[in-house]
Structures are given as structure tokens and as C-alpha cells.
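Read the single chain below, which is given as C-alpha cells and is the form predicted alone.
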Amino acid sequence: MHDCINANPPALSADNDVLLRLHGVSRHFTGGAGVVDIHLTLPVGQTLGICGVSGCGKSTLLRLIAGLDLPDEGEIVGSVGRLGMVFQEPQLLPWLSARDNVQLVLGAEQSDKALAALREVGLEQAAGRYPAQLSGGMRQRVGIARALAVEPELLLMDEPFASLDYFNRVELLELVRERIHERGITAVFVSHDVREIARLCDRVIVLGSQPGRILEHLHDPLPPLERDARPGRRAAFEERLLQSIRAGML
């Protein structure tokens, strides 16, 4: 298993290879929550997983990367022109149709592009339906379509499949994985589920509990589309992630 773990990934030589760098980033909250001393590089075209026990700062770190919050210490270097986000709940506007919810991030004259984004996630026929008329899996598809429609340089996903049943979760995970690698999108994926992390992510950081700090930095050398063909290797990687998460509970 040791050949698929790299606790200290080699530094990238050119800034053109890097979308964002976090240098000693900390964010503090009352009661000890937050993250502390995060050093992290987001290479272009890679998918980074963030996992750890509840309350370890996964969502806080994602908000810092998104620019939705500011660090108390440290700095985030780099810029993102187009950002897509997928949340645990799709946060659709109930008075807008599926197409209009996607079009909201595109502009008034982009109805065709919104429809194309829904087609990409298999929802073209439901474009005129409102969120209350859609199942949970369909609503999350709309959220994914909305995030991908902007052609993001960076795609951020915060537990996007947590509320779905098993079959929807597997199907949407595969859809997202295909789109990320077809387009070379840089992505950050937060999840409690090590199976999802192992299927989707090229690199993983494991955060320890409050305040969240990086306990381990793991790397999976298998190309994403080969992981399903190597179930033994993937299972070993999942077990290594579980061991790291358990260590963070101590």
C-alpha cells in the first residue's frame, strides 16, 4: 500500500501549474472550531479530497478556498475566474423552473446553454419543472448542472451526495467524475464517505479535530478511470483513509 501514499507530494515547478496556494492559513471560531496552519497547493486539473471527523473544519476550509470567508492568519495566493459550487442541499429557488435555476448563473440570454447543461445531467425533459416537482436526486442534478454550466476553473463540492440514496449517489458520483476529467477541471471534494473520496480524488488531506489541522496528505497514483478496475488497491486506499481519520479522533 505504501506505493500509493505520498505524505509530502513534490512541489510543482511553475505557478502556471497551480491554481491556488494556501500558506499557513488559520481561521478561528469560539470554542476551538476552525482550521489552523493549513499549507496546501491546488494544482490545475487535479481533484483534492478533504475528509476527517465531524467538526474538524472541512467546510470552513472549503469556504476559505471559495473566498466566502477570510483567514485570520496566513494568505491564499492565486485567483479563480469561474467558480462552481455544489452543496449538500442544491439550494434551488422554488419559484423558478429547473432551467431558470441554471440560467440564473448564466444570464438572461442563455436559455439554450442552461438547457444544454440539464441535458448533460439527463434532465432535459424536466427543464420546465419546479423544484417541488423533482425528486431529491433530480434536484441535486440541477445543482450539478448549474455548477458545470459556468465552465468552472474550480469546482467545489461540499458533501454533495450525502442526502441521496445509494443508487443516486453512485450514479451522480460517476457523472461528476467523468465531467471533471473530460474538461480538466480543478476540483475540491468534501465528504465523510471514504468510498466516495477514493473513487473521485487524486489527492486527499485528512484533517484532525478542533481546530482542524492537516494530519496526513495522501496521494493515489492510479488514473481515475482505472480505479474501478483495481478494487483491491482502492479498498486498501479506503482503509488507509479510515486509519487516518480514526487517528484524528484521538
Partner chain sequence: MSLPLRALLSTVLRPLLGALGLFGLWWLLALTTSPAILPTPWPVLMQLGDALFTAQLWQDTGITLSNVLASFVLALIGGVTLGLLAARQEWIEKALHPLMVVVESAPTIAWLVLAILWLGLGAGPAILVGVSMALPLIFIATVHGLKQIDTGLLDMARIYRLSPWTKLTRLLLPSLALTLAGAASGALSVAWRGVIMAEAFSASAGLGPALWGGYLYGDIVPVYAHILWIILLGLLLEYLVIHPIRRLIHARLHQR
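Residue numbers count along the first chain shown, from 1. All values derive from a computational prediction rather than experimental measurement.
Keep in mind that the form predicted in complex with the partner chain is missing from the display, and what follows is about it.
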Seminar exercise, completed: Interface check vs the partner chain in the predicted bound form: of 105, 172, 138, 115, the one with a heavy atom inside 4.5 Å is 105
For this session: Please pick, from 76, 164, 126, 83, the one residue with any non-hydrogen atom lying within 4.5 angstroms of the partner chain in the predicted bound form.
Result: 83
Exercise. Does the partner chain come within 4.5 Å of any heavy atom of residue 111 in the predicted bound form?
Worked result: no
Exercise. Counting only non-hydrogen atoms and a 4.5 angstroms cut-off, does residue 67 reach the partner chain in the predicted bound form?
Worked result: yes
Problem set entry | in the predicted bound form, residue 63 touching the partner chain (heavy atom, 4.5 Å) | yes
For this session: Decide whether residue 121 counts as a contact residue for the partner chain in the predicted bound form under a heavy atom distance cut-off of 4.5 Å.
Result: no
Exercise. Would the partner chain in the predicted bound form be within 4.5 angstroms of a non-hydrogen atom of every residue among 187, 194 and 235?
Worked result: no
For this session: Quick one: name the residues from 74-96 with any non-hydrogen atom within 4.5 angstroms of the partner chain in the predicted bound form.
Result: 80, 81, 82, 83, 84, 85, 87, 91, 92, 93, 94, 95, 96
